[in-house]
Structure formats: C-alpha cells, structure tokens
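There is one chain below, alone, in structure tokens, taken in the form predicted on its own.
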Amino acid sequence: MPLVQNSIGVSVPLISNPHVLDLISHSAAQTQRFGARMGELAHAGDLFCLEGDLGSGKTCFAQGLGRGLGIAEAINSPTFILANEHRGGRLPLFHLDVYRMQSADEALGIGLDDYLADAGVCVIEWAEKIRAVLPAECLWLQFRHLGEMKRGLLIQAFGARHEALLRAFKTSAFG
C-alpha cells in the first residue's frame, strides 16, 4: 500500500474508508504531535479510547492531546490512581487508565459516567478492558509496535461526532 508523509511528519497509507485511518509514527514526538492535532480539533464530550500493549504510545498520545487542548501541566499515566483531571486548557481533560481493573463494572464504580457526562474530553488507556460499559460513539485508537521507535495507529470513528472529528483531522493533517 502506498504511503504519504502528512503535515505532522507521519507516514500514512492511502485508504478509502472515511471511518478509518491507519497511521505510522516513527517516534514518540510524532505520536505526541498526532495527539496535539486531535486536541486542537476536540470538542466537549469527545471520547478517545486507547488500546495497545505496554509502551505502544498510548500515554504519548494522551500527552499530545493535552497539549492540543492547551493544558500546560505534565500529563502522566494515572495507572495507580486510575484517573487524573487536567484543567486550565480550552477544555478539561479526563485521563483514565483502567489497566488494573478486573471488570468493566469497576469503571462505573470510579465515576466513569460522571467523566463521560462532563463538559470535557475523556481519554481512556486500556479501554478494551471496559468496552462493555463504554458508549458506542467514540474514537477508538489501536496502537501497535512496528519497531523500536516505530508505531502503528489504527483509528476508527464511531458515531457522527467522531466521524466528523476524524474527517477534520484528515483535512488538517493531509489537506
């Protein structure tokens, strides 16, 4: 499949499905730039569901997302505390890490519904562990290792708002 270099330095394959985008990032910095571009386009209520092995780029994406929302504070994975709220940007960012959860119901116990209903952006690492309690409408990002620094990111948009977000990202990144 032919690749093109986009405006944030990521090589991407040309595909025709408007609800899917498959990117290749060559560094953590590129993954952060990708997240930043999404953060610039994000609206209140957007949900980013991140899936992938340890070290595949989920937290790098979340850091970029925060930067794109104008959040100045450091964004680290809330693995042991489950959720961080970052305010002070254009929109609040609710960053959840559900790696340690044993069931999807546990997510409801930490107030998942409150985070999703708030007027901010929600990003969930290890979202596949709680898929059963997540809304159907979201942007689902699957991160995969392609090499020491190289990562693949498969993005799937579900629902009209997230389809519009993916279209806006494609236009912004590729013209």
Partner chain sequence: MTLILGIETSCDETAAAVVQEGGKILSNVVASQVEIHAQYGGVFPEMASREHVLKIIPVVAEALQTANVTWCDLAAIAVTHGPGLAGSLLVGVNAAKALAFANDLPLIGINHLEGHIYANWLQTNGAPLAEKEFPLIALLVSGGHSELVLMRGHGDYELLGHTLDDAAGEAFDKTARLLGLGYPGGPAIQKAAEGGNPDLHKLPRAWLRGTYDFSFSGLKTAVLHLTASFEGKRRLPVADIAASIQMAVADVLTEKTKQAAGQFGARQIILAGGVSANAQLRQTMHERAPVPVHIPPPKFCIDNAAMIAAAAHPHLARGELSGWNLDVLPNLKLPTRHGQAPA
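Residue numbers count along the first chain shown, from 1. None of the values given here were measured: they were computed from a predicted structure.
Missing here is the form predicted in complex with the partner chain; even so, the following discussion is about that form.
Interface membership of H26, the partner chain in the model of the complex, 4.5 Å heavy atom rule: Contact check for H26: no, nothing within 4.5 Å of the partner chain in the model of the complex.
At the 4.5 Å heavy atom threshold, is Q63 in contact with the partner chain in the model of the complex? Heavy-atom contact with the partner chain at 4.5 Å: present for Q63.
Would R90 show up as a contact with the partner chain in the model of the complex if we use heavy atoms at 4.5 Å? Residue-level check for R90: no, no contact with the partner chain.
Is it the case that H162, even though its partner is missing from this view, gets within 4.5 Å of the partner chain in the model of the complex, heavy atoms only? It does not: once the partner chain is placed as it appears in the model of the complex, H162 has no heavy atom within 4.5 Å of it.
Only one of 145-153, 132-140, 116-124, 35-43 has heavy atoms within 4.5 Å of the partner chain in the model of the complex; I'd like to know which. Flagged stretch: 145-153.
Mind listing which residues of 87-118 have a heavy atom within 4.5 Å of the partner chain in the model of the complex? The stretch touches the partner through R87, Y99, R100, Q102, E106, G109, I110.
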